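Next up is one chain by itself, shown in structure tokens, the form predicted alone.
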Amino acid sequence: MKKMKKAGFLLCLIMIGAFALTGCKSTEQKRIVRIGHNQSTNHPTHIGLTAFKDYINEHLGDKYVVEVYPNELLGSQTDMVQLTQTGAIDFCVASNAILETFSKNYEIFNLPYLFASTEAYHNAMDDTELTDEIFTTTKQAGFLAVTWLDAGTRNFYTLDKPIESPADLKGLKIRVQQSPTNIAMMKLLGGSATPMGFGEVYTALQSNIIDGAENNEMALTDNGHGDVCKYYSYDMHQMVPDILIGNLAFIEELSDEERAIFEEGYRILNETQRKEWVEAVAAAKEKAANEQKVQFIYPDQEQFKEACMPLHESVLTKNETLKPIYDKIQKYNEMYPSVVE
């Protein structure tokens, strides 16, 4: 079955590559710009990408046609990052955890309890002097980060055991993103990290291969995880952005005028996605509580934070280039401290 899946993916890759080359070489055809992501069509990310698509098609429609492919139609996130590297597709939305494998600087965003509040998180991510030190470090891999997307706060949710303290995670197999930092976090919290692709999580939960996962509220409703997991604990261990990456060769081939239009498109994408995110999270919480009967739990976050802090020192010691970025984030934390309700 795995060989068949791999063969199917390779066939898809070859076909996409052939279409891309056709679009580039023909002077009579418009250049198709392909964007892939792993969310549904009603997700804020897709709505934001649709706004981006409409803007580019309106202003550069004589030369480019932007197409957005949701629901892993172009493969898993790892597949899509590889396709973006090669130029088989032009953009994709990638999790920070995957990008950590291409540049160690992305480790910083995976640190648990890095941001003191949502306001500190958003203001730090909007600081281009801060993010450019990270976003530009994958050029050697053939791609570049062009904007960030809000993915909310990551929290634990489980099948049949509420998580009220790190001790409750002991012995539980928890799906985490495929990142060394996330695996280390789970070890510090006492749980058993089970890395896997996001598309595999629902089946793994349903078949009791794992006991729970960690993600934002949208995973409960948009991806059906709340149908099987009945406890969602707001430990708020991470605020990790999703990143839109673009093929470096494509971006560098844009004229100054085209690049300015694409830059405005990235801004529109970011603004639209973040606005939609706030509304989508509120709707997800209401649906999860009323229809899926998910119980929301609000544990003492300090217990989780204290357990995770050694990871900060470990990551900063191994990668000294992150220290100035880390210090800038701490200034935002001072400006926008946590507010305990």
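Computed from a predicted structure; not experimentally measured. Heads up: residue numbers just count along the shown sequence, starting at 1.
Keep in mind that the form predicted in complex with a small molecule is missing from the display, and what follows is about it.
Which is the contacting stretch out of 187-195, 250-258, 209-217, 263-271, given heavy atoms within 4.5 Å of the small molecule in the predicted complex? Answer to the contact question: 209-217.
So, N38, Q77 and Q177: all three within 4.5 Å of the small molecule in the predicted complex by heavy atoms, or not? Every listed residue reaches the small molecule in the predicted complex, so yes.
Work out which of A116, M125, L144, A151 lies within 4.5 Å of the small molecule in the predicted complex, going by heavy atoms. Comparing distances to the small molecule in the predicted complex, the residue within 4.5 Å is A151.
Quick one: from D227, D242, E100, D168, grab the residue that has a heavy atom within 4.5 Å of the small molecule in the predicted complex. Result of the distance check: D242.
Within 4.5 Å, heavy atoms only: does T84 come near the small molecule in the predicted complex? So T84 does not count as contacting the small molecule.
Just checking whether S95 would be counted as a contact of the small molecule in the predicted complex - the rule being heavy atoms within 4.5 angstroms. Because a heavy atom of S95 falls inside 4.5 Å of the small molecule in the predicted complex, the answer is yes.
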